[in-house]
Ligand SMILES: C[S@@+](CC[C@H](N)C(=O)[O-])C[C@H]1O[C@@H](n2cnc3c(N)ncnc32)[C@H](O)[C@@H]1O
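A single chain comes next, written as structure tokens; it is the form predicted on its own.
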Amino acid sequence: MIKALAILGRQPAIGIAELEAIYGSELLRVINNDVVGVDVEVGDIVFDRLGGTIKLCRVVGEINSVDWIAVEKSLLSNLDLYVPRPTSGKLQLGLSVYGLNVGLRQVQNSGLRLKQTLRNAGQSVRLVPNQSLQLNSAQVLHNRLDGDKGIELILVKDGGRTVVAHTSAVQNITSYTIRDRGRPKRDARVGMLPPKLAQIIINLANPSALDVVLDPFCGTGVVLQEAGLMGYEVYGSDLEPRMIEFTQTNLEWSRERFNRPKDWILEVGDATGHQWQPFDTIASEAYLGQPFSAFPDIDKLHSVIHTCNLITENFLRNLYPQLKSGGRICLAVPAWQDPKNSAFYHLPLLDHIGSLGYNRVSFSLASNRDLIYYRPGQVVGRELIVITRN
């Protein structure tokens, strides 16, 4: 039986690739588009470092059916196993269902029956009402369903069985907001990289514990901030002195607020020609080009693609002799979505990355074509490419 469940975020392929980069495909099993089974104890998963997993759950049992009536009957018959009671006080209880053929009203009614059965057994209980089949992160956090007196009961269809789990941790929305909007220096002109995406980029680069993580397009320092919080030594450079000043201010703020990073190196430098001090791996958002609020005419688009491609290719050529053989990189590069057919335009260099001396890493459980971070209606997305030096 799998030991843990990872409930994935809005773009599941990215979360799957992140998990595979850290734990390897042999310890993972994709159950459905929302859930990955992980053969690792919950206590050994450093959840707050995962950007693409919104909930981490400890598996407590399996029900040999996916019929909702049978599932409910098993829950009620094995209440002490599936819903352990706190030593004192009121129990906060919530239900989230993934993949099972059941309606919202049925889930609500089952929750009420669980509540009544617990009350009949002498347990004071409050049921968190379902507005959908899954409780969101805010509901879990607000009702403390991952605490000593709270349980979010997770029910997941896994073939012909139902996996039962308890939520152990949920993404800390408040912390992400502070690390994003609370930083003293922000600049929409350079892309506003979300902290959870920065975590994903770092994890896809998969540095070892003592590695120096370099961001050669550091901007306002989001990747360096998150790498520092994850315990890595951090090193950044940027073409613009203003961005280095912004990063310096933001890293000082991060150290004061979170006591990380302990130290850092920052340099002004053009990534297409700069000579860096020793480093181990690269996690970075490359130049994304001109932002667009609407899809541009094709000539304009081709011009922007050419510029972004030239900068990224020249960076990779400059990097090659400075990166150790086998050195791993994760870059977020631009990809442009055509709203007419949802197709993406990609950097041309991705088709001949081998000629630059690099191999693109492929994942067993996620396709590279799905590793594009974007929101509906957004023109410029971020394509996550993981490459190693020959």
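All values derive from a computational prediction rather than experimental measurement. Numbers follow the displayed sequence, beginning with 1.
Although not depicted, the form predicted in complex with the named molecule is the subject of the following passage.
Applying a 4.5 Å heavy atom distance criterion, does residue 207 contact the named molecule in the predicted bound form? Answer no; every heavy atom of residue 207 is more than 4.5 Å from the named molecule in the predicted bound form.
Can residue 152 be called a contact residue for the named molecule in the predicted bound form at 4.5 Å between heavy atoms? It does not: once the named molecule is placed as it appears in the predicted bound form, residue 152 has no heavy atom within 4.5 Å of it.
In the predicted bound form, does residue 272 come within 4.5 Å of the named molecule, counting heavy atoms only? Answer yes; at least one heavy atom of residue 272 falls within 4.5 Å of the named molecule in the predicted bound form.
Taking heavy atoms and a 4.5 Å cut-off, does residue 110 contact the named molecule in the predicted bound form? Answer no; every heavy atom of residue 110 is more than 4.5 Å from the named molecule in the predicted bound form.
So, a 4.5 angstroms cut-off on heavy atom distances: do all three of 8, 46 and 170 pass it with respect to the named molecule in the predicted bound form? Judged in the predicted bound form, none of 8, 46 and 170 sits within 4.5 Å of the named molecule.
Choose one stretch from 154-162, 70-78, 116-124, 279-287: the one whose residues place a heavy atom within 4.5 angstroms of the named molecule in the predicted bound form. Correct option: 279-287.
Can you pick out, from 83, 243, 229, 145, the residue that has a heavy atom within 4.5 Å of the named molecule in the predicted bound form? Contact residue from the list: 243.
The single option of 197, 91, 311, 141 touching the named molecule in the predicted bound form, heavy atom within 4.5 Å: Contact residue from the list: 311.
If you apply a 4.5 angstroms heavy atom cut-off, which residues in 213-231 are near the named molecule in the predicted bound form? Sequence-ordered list: 215, 216, 217, 218, 219, 220, 221, 222, 223.
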